[in-house]
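The chain below stands alone, shown as structure tokens; this is the form predicted alone.
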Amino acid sequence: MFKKSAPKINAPKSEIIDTTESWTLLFTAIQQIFSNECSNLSYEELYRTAYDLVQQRHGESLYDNVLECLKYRVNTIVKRILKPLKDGDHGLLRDVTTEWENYSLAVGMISNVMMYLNRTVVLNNPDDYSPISALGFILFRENAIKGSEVGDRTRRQVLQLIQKERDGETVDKMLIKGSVNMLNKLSCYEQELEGPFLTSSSNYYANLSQSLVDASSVPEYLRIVKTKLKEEAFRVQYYLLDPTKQKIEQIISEEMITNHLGTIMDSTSSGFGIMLRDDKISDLKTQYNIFAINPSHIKELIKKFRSHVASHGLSFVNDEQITKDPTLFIKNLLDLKRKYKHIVKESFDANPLLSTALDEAFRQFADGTVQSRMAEYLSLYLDSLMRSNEQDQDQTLDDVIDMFMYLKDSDVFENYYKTHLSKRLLSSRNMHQTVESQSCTEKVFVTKLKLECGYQFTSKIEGMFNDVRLSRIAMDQFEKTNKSTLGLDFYVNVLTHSFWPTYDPTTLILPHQLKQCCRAFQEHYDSVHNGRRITWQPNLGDGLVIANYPNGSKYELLCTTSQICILDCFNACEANQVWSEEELSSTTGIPIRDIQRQMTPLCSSRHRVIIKDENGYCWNEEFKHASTRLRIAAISTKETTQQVHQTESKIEMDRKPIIEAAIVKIMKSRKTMYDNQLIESVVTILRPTFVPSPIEIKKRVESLVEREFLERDEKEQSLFRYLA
């Protein structure tokens, strides 16, 4: 088989031509193109004429002749444009843009005729020649625009139109757009228009800002800046080039914000701080969006925001009137956090840098350093929240967790939380409910704690819940065989010593019936769990007492076990007998200081079950109340100064083995270490729980040296070695 070869196309052969005649033909055609009288031209003939000239090595002469034609045409255009103009007459812009459009169209047509010239002479000598279309643009730019009166007038009139528009006048935007497009195609937009435009804009906004800043409030001033930014963005969109937008925004930012930043941020009547104080969400959002143009402005806003929140918080936590009520104190503190968190979200577009600044500010006054009882107050608030049985507490619990994370010493909160939790779990109002229903919200909070702090932090707390669950099972077994013989509704919680707070031994003397119940449960428990020892803590319990009055009234009183013992004293005596505190103390085994605390809710004006006078306490036989079921037991209250010292001492004692364990762990891994390095490592490893002082760490190191876990280097006393 034979493959059919593709046909070859041979270039036309050029005949010897008269160069003068050929050029005359091309020159005449070029003039007709410029005069827009080209309808009768034969472009095929013109192309062939130019082709023949190049083929016969007259390409360079042809290029020079075209160059002269274009240059002559540009000079003709300049002379035609330059004519006397009255002030405000923008006819020059129309003439320039019209001439440019006609000229650029003609140059394009000429470039098509000279296509072979571009492909040979120009392509082979790029350093010496430019394509015909580019040549035409260069000549127009260099002779009609740059450094010429036409260029100066064009620039001046465009800037005048822009200024008139800024002043509120209606202008011909298409005229400006045509001029901008011309300069852009000529590659001189930045030099000829954008630079002068930005300079004039800088002067305009400098003068405008100076006149407005003193006459307007900060929010009003910022709204004007916002309007100006929108106007300039519209100009860029309609007739300027996109790169100009960022530059004009920077001009406005510099002249209207940077130069007046002190006034905007620090004005005592309407500045940034005042807007934060008054929750001016919309105005703050306007300020943020304007400041976002300049990174240095955002940095200043973050700095001022952090400073304002910290100052506000410090004054809040140092207010003695506010801290008198711990629950209200924490509630207001959470409201303060929600306020600024809402501002960050709505006004600052949830900027993570501002969220971080908010956390840093809160950590300055909510970490337990300024207000040493912050952990206790937070636990008391949580205690009040759990007892309230309010619905939809999930968000509030998240807020409490956020506040907890600011604490420097989380173990202090853990101590108070376990104390208050134990009272809630052991409360008799929950004893007949299932663990799931009584502690759903509690478990939600513990789960949130575990997510933030890990399993180790919540293991003992979860052990407390497990004890309550197992106690329910144990009581079910006990009641199957003993309920009919007890004579009253009796409930015992069996607690694992290591999970629950440490309780002092009690001297409480129980009524006879309760003693019998305790004895019966003791015998049952010993029979089921051989070898376990029960230590009774009756003062932690509470119960329901039914009070019958001579007038036939009957009330159910929910009291602590100590209050039940006190009420039993009045039950076993004459109606009008008066008891002194000493007599009640000796009969019940309750210390006198606790007698006063237990009697306060019984004698309060709210209940007044017991009457107190100068002689002592007596039963109120005329007691009346709208409700038949009364809760007498007091809820958790703020600890006294003495109790705080006791708690702090206990926490310090609990920390000692933790610090020592951290030291041994580090030294076992490193073998040798200098004291400063050891202190830094211990602080780092314990920081999630608490921050030990260097002095305490040194004491623990000395203790470990004495017990031969560590030893000092004989030559360098600051170097320690681990002893296996």
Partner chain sequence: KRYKTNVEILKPSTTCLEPVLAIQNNFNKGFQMWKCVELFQQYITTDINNLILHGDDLNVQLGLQPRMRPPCGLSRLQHDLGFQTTLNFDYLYFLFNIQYIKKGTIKNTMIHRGEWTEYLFKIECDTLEQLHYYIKSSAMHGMKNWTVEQKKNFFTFMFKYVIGPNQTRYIDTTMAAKLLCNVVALTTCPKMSRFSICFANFLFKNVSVHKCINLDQWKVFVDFSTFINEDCSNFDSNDAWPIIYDDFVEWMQKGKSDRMVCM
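Numbering follows the first chain given and starts at 1. Just so you know, these numbers come straight off a predicted model, no measurement behind them.
The same protein also has a form predicted in complex with the partner chain, omitted here; what follows describes it.
**OP:** Answer yes if any heavy atom of Glu706 is within 4.5 Å of a heavy atom of the partner chain in the predicted complex; otherwise answer no.
**Re:** Answer yes; at least one heavy atom of Glu706 falls within 4.5 Å of the partner chain in the predicted complex.
Original post:
Taking heavy atoms only, is Glu21 within 4.5 angstroms of the partner chain in the predicted complex?
Top reply: Output for Glu21 is no: heavy atoms all beyond 4.5 Å of the partner chain.
Original post:
Does Asp675 reach the partner chain in the predicted complex, with heavy atoms at most 4.5 Å apart?
Top reply: Yes.
Subject >> Lys668, heavy atom within 4.5 angstroms of the partner chain in the predicted complex >> reply: Flag for Lys668 set to no.
**OP:** Tell me, please, which stretch of 62 to 70, 694 to 702, 660 to 668, 681 to 689 lies within 4.5 angstroms of the partner chain in the predicted complex when heavy atoms are compared?
**Re:** Stretch 694 to 702 is the one.
Subject >> Partner contacts in the predicted complex for 292 to 318 (non-hydrogen atom within 4.5 angstroms of the partner chain) >> reply: Counting only heavy atoms within 4.5 Å of the partner chain in the predicted complex, no residue of 292 to 318 makes contact.
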